[in-house]
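In structure tokens, one chain follows: the form predicted on its own.
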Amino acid sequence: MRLGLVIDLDTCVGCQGCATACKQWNTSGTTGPLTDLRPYERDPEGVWFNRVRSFEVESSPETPGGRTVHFPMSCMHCEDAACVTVCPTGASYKREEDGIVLVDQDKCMGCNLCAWACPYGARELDSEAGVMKKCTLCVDRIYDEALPEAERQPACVLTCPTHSRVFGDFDDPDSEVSRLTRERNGTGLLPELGYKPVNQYLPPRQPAVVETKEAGNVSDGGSVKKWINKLIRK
């Protein structure tokens, strides 16, 4: 089993709902509180498992007028995870049963080697606890049989208002994550690095081309009337 996320960049609106729901769940969950420093002051800071970055894409023949792309980032749960390879204490590990990468906080000494090795910036040091923290795919939620089956999904997936996040097993060719990746040419981030990220991104669709017509000389009332009548007859 390879559990992970598909994220649709075409429908993500950058609302930060995933980041907020992640913070809420993991602060109250079994992974322990995520540090919040100066939460109500001018320079609040703390640990986040999810962050959404926004980019302005310049105008081009493919994107006339340009567009804004919102890019959610979290742990990719790589098949060949560099963070696991470099960890000197064995605190970072990848579960064989489902492929989720976790940190054993009893073994972590906060040396930051995993953060330097991760090309996705997915790990954050909890400066108060002195240990590394990262996305767990809500492992304490997705296996909680006390929850209704429909709610056994990561908090970010459940809260997404545009359903741009989908959770599932990439080893199952019939799962929704496999189907979406196949049909929309999904790809992992920076595949050329060779870490084989499990999470996949669906690229933005090309905007539909809207046919336009010349309105003619607007100072010529007759021409405008003819143009409108022609349009109505269509």
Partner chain sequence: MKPSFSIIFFTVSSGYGLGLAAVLAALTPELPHSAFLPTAVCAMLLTGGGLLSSVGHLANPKNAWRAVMRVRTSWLSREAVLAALFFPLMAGWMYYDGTTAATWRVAIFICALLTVKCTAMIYQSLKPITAWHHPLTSINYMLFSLTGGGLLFAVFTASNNGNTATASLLTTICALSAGIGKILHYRRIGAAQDIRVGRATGFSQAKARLLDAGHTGPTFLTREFIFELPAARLRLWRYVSLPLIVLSSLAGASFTFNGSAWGGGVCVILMFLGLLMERWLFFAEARHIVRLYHGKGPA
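Since the structure is predicted, the reported quantities are computational estimates derived from the model, not experimental observations. Positions refer to the first chain, counted from 1.
A second form of this protein, the form predicted together with its partner chain, is not displayed here; the remarks below concern that form.
Original post:
Exactly one of Cys111, Leu158, Ile142, Leu102 has a non-hydrogen atom within 4.5 Å of its partner chain in the predicted bound form; which residue is it?
Top reply: Among Cys111, Leu158, Ile142, Leu102, a heavy atom within 4.5 Å of its partner chain in the predicted bound form occurs only for Cys111.
Original post:
Would Thr20 sit within 4.5 Å of its partner chain in the predicted bound form, counting heavy atoms only?
Top reply: Taking the distances in the predicted bound form, the answer for Thr20 is no, it never comes within 4.5 Å of its partner chain.
Subject >> Partner proximity in the predicted bound form: Pro204 to its partner chain, non-hydrogen atom cutoff 4.5 Å >> reply: Residue-level check for Pro204: yes, a contact with its partner chain.
Subject >> Contact of Gln16 with its partner chain in the predicted bound form (heavy atom, 4.5 Å) >> reply: Yes, contact at 4.5 Å.
Original post:
Any of the heavy atoms of Ser54 lying within 4.5 Å of its partner chain in the predicted bound form?
Top reply: Ser54: contacts its partner chain in the predicted bound form.
**OP:** Using a 4.5 Å heavy atom cut-off, indicate which stretch of 146-154, 94-102, 160-168, 125-133 touches its partner chain in the predicted bound form.
**Re:** Looking at the partner contacts, the answer comes out as 125-133.
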